[in-house]
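Given as structure tokens, the chain that follows is alone and in the form predicted on its own.
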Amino acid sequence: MEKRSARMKKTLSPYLYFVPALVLAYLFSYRPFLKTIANSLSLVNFSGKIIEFVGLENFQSLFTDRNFQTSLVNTFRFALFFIPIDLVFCLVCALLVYRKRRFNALNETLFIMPMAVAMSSAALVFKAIFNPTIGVVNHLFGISIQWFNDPAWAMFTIVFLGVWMAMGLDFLLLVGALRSVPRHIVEAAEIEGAGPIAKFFRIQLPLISPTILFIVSTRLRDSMLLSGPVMVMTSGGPYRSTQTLVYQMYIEGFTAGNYSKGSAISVVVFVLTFLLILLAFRFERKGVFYQ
């Protein structure tokens, strides 16, 4: 009997180490997720208690809401500008320093410095340098753009901040990917007479495509979850031109106390993010090369 209990204890003891992680995952991930879905299908009072089940009524009213439509368009507009600019900019920087040269260590340090800056601090700095009156940007370029008062330009300030904040990690990933390209393949292409452009598009770009897919998928997620820079820099203005889905969720759920609508927006954000990342991985079959 004692041998059996000792054997059972030895068998079960490794699984006990999973219990704290499972408890934390349930409390802070799975339970809020299920609670959000339940709230999105129900009428919820100001104290957060479910009053009655209403089905898809919250989603029906949500998609007819012009504020939600504006937030949806703004979110995709941010992603449309942010992801290509971030990818091209970081790729150019990585191409400049991936080969071992003098002072490259200093350049790499400068490129990854944004990783050491908190988002809120960076947002306050960008808000100052893009200030239409005393900002450095207008002064240096001799322009008079009302960055935060003009709906045509306000989103670009968020995009510039997003690119700067994402630059450090994406640059590191792309530099590592470029340095992992087998040198003998590049040398063989050079012997065959391939120029820098041909080497990049025919050898380097296909071989670093898994890293590019990871960056695009990650930045798609970040674009759909954008809220912090909007809160600090523009508060959704002017005229809701920078209001995103997650920022509207914050306004509806935490400011106005409309938990049903806020939960419905959260579910929409989750579904859109999931579908976009699935679409990116569908592209993996045709456009990504692992060897």
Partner chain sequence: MSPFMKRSDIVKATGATVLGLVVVFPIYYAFSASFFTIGEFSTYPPTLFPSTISLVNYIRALTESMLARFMLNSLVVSLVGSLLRMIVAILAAFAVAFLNFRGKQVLFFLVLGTMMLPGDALIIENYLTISRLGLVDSYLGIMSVYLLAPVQMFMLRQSFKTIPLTYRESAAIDGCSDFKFLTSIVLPMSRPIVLTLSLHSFVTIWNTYLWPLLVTNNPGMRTVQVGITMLGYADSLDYGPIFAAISLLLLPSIIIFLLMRKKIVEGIASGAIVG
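Quick caveat: nothing in here was measured; it's all calculated off a predicted structure. Numbering follows the first chain given and starts at 1.
The form predicted together with the partner chain exists for this protein as well; it is not shown, and the discussion that follows is about that form.
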Name the residue from 215, 93, 79, 72 that puts a heavy atom within 4.5 Å of the partner chain in the predicted bound form.
93
So, 28, 32 and 110: all three within 4.5 Å of the partner chain in the predicted bound form by heavy atoms, or not?
yes
In the predicted bound form, is there a heavy atom of the partner chain that lies within 4.5 Å of any heavy atom of residue 166, even though the partner is absent here?
no
Close approach of residue 231 to the partner chain in the predicted bound form, 4.5 Å, heavy atom
yes
Contact with the partner chain in the predicted bound form for residue 48, defined as at least one heavy atom pair within 4.5 Å: yes or no?
yes
Using heavy atoms and a 4.5 Å limit, would one call residue 121 a contact residue for the partner chain in the predicted bound form?
yes
Heavy atoms, 4.5 Å, the partner chain in the predicted bound form: which of 205-213, 79-87, 99-107, 151-159 makes the cut? Say which one.
99-107
Within 12-28, which residues have a heavy atom closer than or equal to 4.5 Å from the partner chain in the predicted bound form?
14, 15, 17, 18, 20, 21, 22, 24, 25, 27, 28
